[in-house]
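So this first bit is one chain, no partners, the form predicted alone, shown in structure tokens.
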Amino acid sequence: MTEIDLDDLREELLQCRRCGICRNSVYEAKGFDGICPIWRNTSGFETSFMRGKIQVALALLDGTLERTAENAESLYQCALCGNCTQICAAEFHPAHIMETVRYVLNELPNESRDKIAESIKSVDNPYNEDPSSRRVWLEELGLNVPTSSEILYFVGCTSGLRIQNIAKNTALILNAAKTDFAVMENEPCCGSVMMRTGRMEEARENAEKVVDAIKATGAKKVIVSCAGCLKTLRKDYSEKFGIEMPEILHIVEYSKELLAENKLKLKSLDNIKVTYHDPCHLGREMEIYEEPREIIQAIPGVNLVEVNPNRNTAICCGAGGGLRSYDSDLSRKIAADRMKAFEETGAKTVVSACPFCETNLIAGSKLLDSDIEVVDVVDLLRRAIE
């Protein structure tokens, strides 16, 4: 991580024109129907949306506001979803700048942030779980998957430890396509949450560990099933740390290739009506919108209906930016709000392409007492493979 020039950071923050459209806006021509999920699901004070957070950041940096954990609280009540950037009249990226602000102010106490970082440093995952269980799901599948190959499946912490159906179905799809692939014995965390919450120096050290681990597998191509892992490995490592990586593909990108090459044969599913949730890291950050939709539409018997807004103006599920750890109640409220929108589509299944989104949407569904099923793209694709 390069040294932060505080004067430049202040100049970036001062690009905010205080117009307030980062709070809420209905702009049909650009697909907007609301913007900030935090503002929508809190009391709506000035610090609930990005304009107010920028003013707090400036005051903390300039010393007009005492640097305390309490005064910095609003800076962490943000999912860093980036939806405000899509309509911002100034030429800067508020969510990216907020990551930098968190880094500059990382000496302020933040128990959830520090607990996650220490867990990643000690056991290679943010959940503080035994890392030896990383490949247990493979044993349950009965697949003999090596630890080295030209194609590596980088499983990710949430798929590998929490929502293992995503890992299992990804592996089964690769196996069905007769793809030779590897899975690491001791896979380190990509470090995405460290970056989002301001622990950038630790994230750099962790990135070097990840790169060494990937190199040891001999991989020339890395497949991921987590949107956060994709952005971190494909974009952040090079932009923030100057690290060169092999080709990094999300499973939706690779599955599209497999379908185009007729390596997967699909059977019809029985008239399933689904809608799709755009993960912020996959969509707004990596601009991958059509691939997951094309996979869904390629499955016979599946009817895709769009929720509004969608694609680059889609409302966040509330899981990102460290928010789920910092303020889990708010995170779940945002997910429940999103589930209400999905209910309005008439779909019985919500499909996404990120295990973290799936985790939070399921939590939101429970809060709402909704009967809508929440699955990953790979779950739906695996059902259709003959």
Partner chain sequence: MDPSFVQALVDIVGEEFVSTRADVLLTYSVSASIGYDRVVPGTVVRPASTEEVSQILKLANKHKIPVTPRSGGSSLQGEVIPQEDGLVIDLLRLDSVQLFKDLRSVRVGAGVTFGVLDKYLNQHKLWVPVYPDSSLVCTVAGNVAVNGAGPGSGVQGCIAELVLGLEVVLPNGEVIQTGTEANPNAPGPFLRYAFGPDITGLLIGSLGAFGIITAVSIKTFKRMEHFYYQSYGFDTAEGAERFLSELRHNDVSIPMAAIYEGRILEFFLDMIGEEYGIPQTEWPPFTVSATIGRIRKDQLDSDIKMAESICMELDGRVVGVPELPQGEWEDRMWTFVRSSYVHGWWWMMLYHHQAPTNWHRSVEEIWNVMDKYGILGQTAGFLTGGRSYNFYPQLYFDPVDREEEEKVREAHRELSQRLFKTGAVPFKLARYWVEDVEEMKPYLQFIKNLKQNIDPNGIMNPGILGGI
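All figures in this text were calculated on a predicted structure; none of them were measured in a lab. Residue numbers count along the first chain shown, from 1.
The same protein has a further form, the form predicted together with its partner chain, not shown here; the description that follows concerns it.
Between 354 to 362, 335 to 343, 59 to 67, 316 to 324, the stretch whose residues reach within 4.5 angstroms of its partner chain in the model of the complex through a non-hydrogen atom is 59 to 67. Looking at E28, you'd find a heavy atom of it within 4.5 angstroms of its partner chain in the model of the complex. A residue is said to contact a partner when one of its heavy atoms sits within 4.5 Å of a partner heavy atom; I87 meets this definition for its partner chain in the model of the complex. V375 falls outside the set of residues with a heavy atom inside 4.5 Å of its partner chain in the model of the complex. Among heavy atoms of L368, none comes within 4.5 Å of its partner chain in the model of the complex.
Proximity to its partner chain in the model of the complex, defined as a heavy atom within 4.5 Å, singles out one entry of E118, E73, E253, E202, which is E73.
Applying a 4.5 Å heavy atom cutoff to its partner chain in the model of the complex picks out D33, W39, T42, S43, G44, F45, E46, T47 from 33 to 48, in order along the sequence.
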